[in-house]
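This document opens with one chain alone, in structure tokens, the form predicted on its own.
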């Protein structure tokens, strides 16, 4: 494969918010995840310091909270103050204690050093409730809710910049789902009230890469929006346990990822909004979460039994299968890097992305009583956060090897090598992925207007494409080469993610 690079050919400037994460009140993400006062790792506020340190290490730029499906029946006023009465969580069918609410979320973000991003209840909630939340967080002392925040021990405003109106309200699975016409009007009225409280906030709204949905949304509310929120989960699992094989996973890394961006770009361009509104890909992962029987009316007779066996074994216990670490292999790392490369290649438009979720479930970090496990995809964030530069360069590519196959009876072809080049005015850093499960691949690179002298390679890999990390078992990690003379060629090991520093 041949690549020609010029520092004068610029795609755009990468926004570090594409390395963001997502946190929801689901299973062990919050309680037993980031927040666990009973843990030996807990700090004075109940946050697990091993988790917060891991999030600092990857320079987490933004965290989206509290949902997710959870938010569509969540009333934020129940999660602030000294008296917090537990509720039944209608999204996930558990009791929510409300021990972790707005103020705790902001504390977590401040400890990590990231921006908080709040998603509002557009399911059972309304425009006034959303704007009240902005009052609580962002007003100095005017009004009831700012005074309530002060009384709760936070005299200074939280100054939360990023807000999303709703989560997946386009879907029948969501509590308070809306049709396209309803959605446009609700977003418009909610945005008006929220911006009257604080005109400096940046607003997103739940969307989907669908023409009718976006036309209604953007015509009604486009002038109020800074972002449009889309989600993506690719690949399947059987019974929550058996992942697709590596070869099937890599076939999701082409048009499956880029297609959504291209369609939303087209909708924004058609309405003349591509310079105003950016994409927030604020939920994404290789696999969706495993939570059977959440909405399953076919089992109503079974669930009416006096004992709670069905609930315990078929609803709650099934969610533990998300945390079997052997599921998360180099396939997850390769996919995650490919997703981020797609964002970087569209950095003029995609300027936020939130890996879903931050910890446990399908997260990059797994917690257990005696520590944490860093899953393979964690190291993708570590490499991209610490070594890539901000300017993304256009690349001329020749003789790119391909791989073909079938996914869901649809023929697909993707590039075996996925590469992005970044630059900071002095040095280069390439994110280079070799998706081939067995073979090393060589890249010949020519710089049109520069003569780099040396290079160093950070390689994320394991002994096989099925390698994984677990408690007491570390197969996947990063190795770093010495600085060597740059001779114009780079060899990429099989099934690897690489950051190549060139200077």
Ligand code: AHR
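Residue numbers count along the first chain shown, from 1. Just so you know, these numbers come straight off a predicted model, no measurement behind them.
Below, we turn to the form predicted in complex with the named molecule, even though it does not appear here.
S.K.: Only one of 387, 224, 311, 233 gets a heavy atom within 4.5 Å of the named molecule in the predicted bound form. Which one?
M.R.: Checking each option against the named molecule in the predicted bound form, the one that comes within 4.5 Å is 233.
S.K.: To verify the annotation, which of these, 185, 219, 84, 173, has a non-hydrogen atom within 4.5 Å of the named molecule in the predicted bound form?
M.R.: Selected residue: 173.
S.K.: In the predicted bound form, do 69, 168 and 283 all put a heavy atom within 4.5 Å of the named molecule?
M.R.: The answer is yes: all three residues contact the partner (heavy atom, 4.5 Å cut-off).
S.K.: So in the predicted bound form, is the named molecule close enough to residue 246 to count as touching (4.5 Å, heavy atoms)?
M.R.: Outside the cut-off, so no.
S.K.: Examine residue 291 and determine whether its closest non-hydrogen atom to the named molecule in the predicted bound form is within 4.5 angstroms.
M.R.: It does: once the named molecule is placed as it appears in the predicted bound form, residue 291 has a heavy atom within 4.5 Å of it.
S.K.: So in the predicted bound form, does any heavy atom of residue 267 sit within 4.5 Å of the named molecule?
M.R.: Residue-level check for residue 267: no, no contact with the named molecule.
S.K.: Taking 4.5 angstroms as the cut-off for heavy atoms, does residue 92 touch the named molecule in the predicted bound form?
M.R.: Residue 92 belongs to the contact set for the named molecule.
S.K.: Want to guess which of 135 to 143, 202 to 210, 160 to 168, 364 to 372 is within 4.5 Å of the named molecule in the predicted bound form, heavy atoms only?
M.R.: Stretch with heavy atoms near the partner: 160 to 168.
S.K.: Between 4 to 25 and the named molecule in the predicted bound form, list the residues on our side with a heavy atom within 4.5 Å.
M.R.: The one in contact is 24.
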